[in-house]
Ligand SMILES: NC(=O)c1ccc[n+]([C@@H]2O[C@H](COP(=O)([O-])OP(=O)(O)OC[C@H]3O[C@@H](n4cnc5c(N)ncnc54)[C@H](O)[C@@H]3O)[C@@H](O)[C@H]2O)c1
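Listed next as C-alpha cells is one chain, alone, in the form predicted on its own.
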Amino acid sequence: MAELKRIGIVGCGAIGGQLARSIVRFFQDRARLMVLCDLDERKARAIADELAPVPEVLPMESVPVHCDLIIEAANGKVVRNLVPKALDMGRDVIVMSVGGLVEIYEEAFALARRKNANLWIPSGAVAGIDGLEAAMTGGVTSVCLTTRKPPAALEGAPYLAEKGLCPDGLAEETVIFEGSARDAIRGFPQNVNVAATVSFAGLGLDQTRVRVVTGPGISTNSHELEVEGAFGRMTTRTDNVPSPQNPKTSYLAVLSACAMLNEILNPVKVGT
C-alpha cells in the first residue's frame, strides 16, 4: 500500500476549511491531514475538532517539519514567509494567495528546481489557464485579463485610496484601472490574484495587461481572458458566485484548489 501523503494547511478561512474537509472526506486512502495553522488559533481548532482523525494545530514554522505537502490559504504575507522556507526543506507547496509570490517568485521558482520540490498554483477563479499554457509553446503575442467586481468587493484597495476613487459613487460600469499585471496586483492585492496566475502561465507580470471594471450594475466577480498568438485567438469568461463561507472569495477558487489536490494525488490526469 502506498504511503499516505502528509498534508498541512496554513490559513483556515473559506478555502482552507473547505480543503481540510475535502481531504478527510475524499482522500483518506491517499493522504492524511496532519496539521492546521491559522493566526487565529481558534479558527484552526474549530475546524480540527470537526475532523477525524483530528489534525494537530501548530504554529506556522512547525508545519513543514511534519508535512510533505503544505497548502497556503492565508494571505500574501504568509506566502512570502512560508514558501521559501518550505521549498528549502524540499516540501511541496500549493499557493492560493498567488499575488504574494510576485515579490519572491524568482527565488521561489529557483528553490523549487534546486530542491526538487513542487510549487503548484491552481487556476483559481479564472478559466483558460490550460489553453494559455498550450498556446505559449507555439508563441503568444498578447494576453489581457478583464476583471469585473462589485464596488463593495474593492473596498480597501490601495489603488482607490491613492487615486481618491469611490466606486460606490459611480453611475455606470467604469474601467477604474488599466495597466500591467504587476501594477494591478500592487493596487488591488486582495482582488486580482488571478492576474498573477495568468502572468506566471503566460507572458509575465509586465507584458500581461489587466483591466479592472466596477459599477452599480455589477453584482458578481467575473474574469475575461483574451489570448492571441500563433494558435489563433482565445476568449474565456468566468462569472463567479461567492463562496458560501466568504463573500470575498469566489467559489470556483475553492473548487479549483480541491481539483488541484485531486490531480496531485491521482495518477490519472486529464487536460494540460
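Worth saying up front: this structure is predicted, and the values here are computed from it rather than measured. Don't overthink the numbering: it's just position in the shown sequence, from 1.
Quick note: we don't show the form predicted in complex with the ligand, though the next part is all about it.
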(request) Mark V78 yes when one of its heavy atoms lies within 4.5 Å of a heavy atom of the ligand in the predicted bound form, and no otherwise. (result) yes
(request) Check whether N246 has any heavy atom within 4.5 Å of a heavy atom of the ligand in the predicted bound form, and answer yes or no. (result) yes
(message) Does any part of M260 reach within 4.5 Å of the ligand in the predicted bound form? Heavy atoms only, please.
(response) no
(request) Answer with yes or no whether A73 is in contact with the ligand in the predicted bound form, where contact means some heavy atom within 4.5 Å. (result) yes
(request) Run the contact test on V83, A108 and L255 with a 4.5 Å heavy atom cut-off to the ligand in the predicted bound form and return yes or no. (result) no
(request) Counting non-hydrogen atoms within 4.5 angstroms of the ligand in the predicted bound form, say which of C67, L225, C37, V210 makes the cut. (result) C37
(request) Have a look at 190 to 198, 155 to 163, 134 to 142, 177 to 185 and name the one stretch with heavy atoms inside 4.5 Å of the ligand in the predicted bound form. (result) 190 to 198
(message) With the ligand taken in the predicted bound form, which residues across 92 to 110 come within 4.5 angstroms through any non-hydrogen atom?
(response) M96, S97, V98
